[in-house]
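Before any questions on binding or motion, here is one chain by itself as structure tokens, the form predicted alone.
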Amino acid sequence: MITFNKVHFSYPKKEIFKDVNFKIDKGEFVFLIGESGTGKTTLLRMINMELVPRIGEVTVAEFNTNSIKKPEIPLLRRKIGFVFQDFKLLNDRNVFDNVALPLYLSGVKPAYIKKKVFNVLNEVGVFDSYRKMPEELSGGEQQRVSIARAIVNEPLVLIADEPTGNLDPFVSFEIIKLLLSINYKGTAVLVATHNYEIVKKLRSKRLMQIKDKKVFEVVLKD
């Protein structure tokens, strides 16, 4: 479903990736680790096709960086849900409208939007907060709303960039459990994280590491 094939990528003054090859299959749960500056966020942006390889190709579902046309990019991004460390909720809209935004932008009928948003808010555990503004919520609640917004379009893959970075350990694990439940229902999940404690607790999940401009499979030892 997601394939990096002989990918090389550089910024003007820094090479980030050199001959990167990996595949993430439909429905997988994958952790991505790496030191700061090694390219975790760059890799995620390449999946979203905000960035394209200098050499090689990235394929997501039926879309490929070498052949995608500009009008197809919104279609690709509807298949990808993004969750960020700082939530990126719109502070001038309540919880309902934040989650409904991707549906509004897709031209979905209002009656369906209401039903879908309420179902997703219930799924992530913040249904009772649908009228609240983001500033009225705790960090964990804001991240749950962010996750609801990311999955409301039923994406093929949910990408989480440091989703627990601003949360305490207990809330962090609750957020990861929520991502696991979403994955259990069939959505692939890719989590970029510095939280090695969570990675160790979930050692049964696939782990990839960015190191020396490449991406390696890692097996944690007891």
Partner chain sequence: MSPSYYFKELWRYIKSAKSSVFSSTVVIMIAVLLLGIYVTISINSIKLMKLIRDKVEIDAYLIDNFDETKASSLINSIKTIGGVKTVKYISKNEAAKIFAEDFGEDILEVFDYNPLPPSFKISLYDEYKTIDRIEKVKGELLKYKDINDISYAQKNLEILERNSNSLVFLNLSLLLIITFASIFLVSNTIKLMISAKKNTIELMKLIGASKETIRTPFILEGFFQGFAGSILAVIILQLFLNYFYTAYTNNDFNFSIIDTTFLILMVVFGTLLGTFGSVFSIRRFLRFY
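Positions refer to the first chain, counted from 1. Remember, predicted model here, so these are calculated numbers, not experimental data.
There is another form of the same protein, the form predicted together with its partner chain; it is not shown, and what comes next is about it.
Listed residue that, although its partner chain is not shown, lies within 4.5 Å of it in the model of the complex (heavy atoms), from 33, 156, 180, 49: So the residue touching its partner chain in the model of the complex, by this definition, is 49.
Interface residue in the model of the complex among 131, 109, 115, 88, criterion: non-hydrogen atom within 4.5 angstroms of its partner chain: The residue in contact is 88.
Partner proximity in the model of the complex: residue 135 to its partner chain, non-hydrogen atom cutoff 4.5 Å: It does not: once its partner chain is placed as it appears in the model of the complex, residue 135 has no heavy atom within 4.5 Å of it.
Exercise: residue 84 in contact with its partner chain in the model of the complex, heavy atom 4.5 Å: Result yes; residue 84 sits at the interface with its partner chain in the model of the complex.
Non-hydrogen atom contact residue 141 with its partner chain in the model of the complex at 4.5 angstroms: Looking in the model of the complex, residue contacts with its partner chain do not include residue 141, since no heavy atom lies within 4.5 Å.
Close approach of residue 123 to its partner chain in the model of the complex, 4.5 Å, heavy atom: Looking in the model of the complex, residue contacts with its partner chain do not include residue 123, since no heavy atom lies within 4.5 Å.
Stretch 121-137 - residues with a heavy atom within 4.5 Å of its partner chain in the model of the complex: Contacts from 121-137: none.
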